[in-house]
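First, one chain by itself in structure tokens, the form predicted on its own.
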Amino acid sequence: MKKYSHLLPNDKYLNQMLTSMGISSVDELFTDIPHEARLKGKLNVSGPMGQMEIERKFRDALSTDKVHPSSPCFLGGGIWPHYIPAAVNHIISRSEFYTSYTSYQPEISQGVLQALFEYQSLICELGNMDAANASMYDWPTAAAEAVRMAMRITKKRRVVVSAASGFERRKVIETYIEPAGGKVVELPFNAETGETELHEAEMALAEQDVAAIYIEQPNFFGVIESRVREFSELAKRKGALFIVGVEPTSLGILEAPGNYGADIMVGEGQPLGISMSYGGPSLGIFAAKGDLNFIRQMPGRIIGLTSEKDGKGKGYVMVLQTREQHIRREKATSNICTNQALMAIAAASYIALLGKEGFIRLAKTIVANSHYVSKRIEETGRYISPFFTSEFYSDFAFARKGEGPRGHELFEKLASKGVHAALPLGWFYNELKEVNMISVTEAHNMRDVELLTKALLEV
């Protein structure tokens, strides 16, 4: 029996490799890893083992990890745990979707093009918008592209952004527009209700050079903005566009942005059948009203439906892709060179599987669950929950009464007990250093809630 596997280097080859690299030991390869982080002694792996034994050993080891779903996650704030029907991953695992890249050739890409067309149609129906693109990277890039689009259409430079919008969204918007001469004007939120201040928007739009107002519904705190229609009317009176960012499952019960006059709708598609996967990949939703000037200024790709020359059959084609790869660079609307096609197909599959009634039930379940958890936290007697007085959806802020850990310290204490919860709002807002946020979806069960409330009482 040979001492070494033919698949692994033996001492002879190991020494040759070390010599060629100019080092004398394997340890020198890992000098950038702190000594205290290195394994002391030999790796405790028995064996040899068969494939089934190895799989079981790793499965058992992974079951003790303090990560979702072994440990419940109530963090939210941009990526949320949701139940994903098994059919979604089965559909996107089909080779015609999973291995496809770009549908440049419609004659051999009808399946992918049809799937993306269905995604666009479902997004339009969800938001009551007229045209959607075939997706963007994530919510922040979609929001930033929306304000750039507003600047191109209005020829104006200032963008009014609610401070109650997601931190990453606000930062990416700044990053995108400042090199183009744009400027962000931040709208404060009401410290009691958590809603964006309308009268501040009126003052901000007194300036003539405002391209758009951007607010989120619900906003970053989960607070439902009750005056979205007034924001929309104000933007139109002042010649600015109205851009709304959405968490799409909320549209099962909240009014569609198209109903109250949104010119552009953006959002995060991760709740639509996409796993958290360490924070990515996600899906940027982008839709706009049907004005031809709007559609020509939309970033990304749009898939269209046409008919064959004899009018007998349908055909799906890429009808618009105003990117610098295909047109003159100075005429390009975006330099994002691809989309999230597989994630878009996952979202389309998810929406189609739930159907209209299922989508409404999903949103109602999230409302019921999140309000139940807020009530349970309030009943501990140690916390004010919810912190803001306005109605909320899925996410809500809460604050500690009296002495005890709060903010970042509370977040760490809960994590040490195996519960990922209490996102510290002080990370994003100086005035909310002692306030935390909880996110609840349909995926949380009573066991999760009991673990959370027990941990909140123990810290």
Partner chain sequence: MFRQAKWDEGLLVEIGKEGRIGYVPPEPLGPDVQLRIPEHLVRKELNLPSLTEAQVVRHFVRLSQMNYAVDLGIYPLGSCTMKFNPKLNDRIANDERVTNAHPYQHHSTVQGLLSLLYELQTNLAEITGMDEVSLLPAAGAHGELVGVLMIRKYLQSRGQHEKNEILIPDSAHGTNPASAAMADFDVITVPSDERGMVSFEDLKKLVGKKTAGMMMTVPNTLGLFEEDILKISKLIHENGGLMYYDGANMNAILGRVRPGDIGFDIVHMNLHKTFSTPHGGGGPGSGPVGVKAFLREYMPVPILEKKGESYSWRHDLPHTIGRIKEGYGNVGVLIRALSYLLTLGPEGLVDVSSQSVVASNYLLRKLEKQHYQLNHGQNYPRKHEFVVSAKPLTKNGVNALRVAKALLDEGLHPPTIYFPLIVDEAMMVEPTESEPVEELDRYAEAMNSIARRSAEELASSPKNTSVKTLDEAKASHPLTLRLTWRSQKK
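Think of the rigid core as the biggest set of C-alphas that the two forms share within 1.5 Å after superposition. Note that the structure is predicted; figures quoted are calculated from it, not measured. Numbering follows the first chain given and starts at 1.
There is another form of the same protein, the form predicted together with its partner chain; it is not shown, and what comes next is about it.
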| task | Identify, from the list E186, E378, E202, E125, the residue with a heavy atom within 4.5 Å of its partner chain in the predicted complex. | result | E125
| Even though its partner chain is not shown here, does Y429 get within 4.5 Å of it in the predicted complex, heavy atoms only? | no
| message | Can you tell me if G76 lies within 4.5 angstroms of its partner chain in the predicted complex, counting non-hydrogen atoms only? | response | yes
| said: Just checking whether I295 would be counted as a contact of its partner chain in the predicted complex - the rule being heavy atoms within 4.5 angstroms. | reply: yes
| field | 4.5 Å heavy atom contact, F117 and its partner chain in the predicted complex | value | yes
| field | Location of its partner chain contact in the predicted complex, chosen stretch of 186 to 194, 203 to 211, 237 to 245, 309 to 317 [non-hydrogen atom, 4.5 Å] | value | 309 to 317
| Looking at its partner chain in the predicted complex, which residues in 270 to 296 have at least one heavy atom within 4.5 Å of it? | S275, M276, S277, Y278, G279, G280, P281, S282, L292, I295, R296
| C-alpha of G402: shift of 2 angstroms or more between this form and the one not shown, rigid core aligned? | no
| Relative to the superposed rigid core, does the CA atom of N445 travel 2 Å or more between this form and the one not shown? | no
| said: Does H199 shift between this form and the one not shown by 2 angstroms or more at the C-alpha, the core having been superposed? | reply: no
| field | Residue pair W427, P34 - Cα distance in the predicted complex, closer or farther (3 Å or more) | value | farther
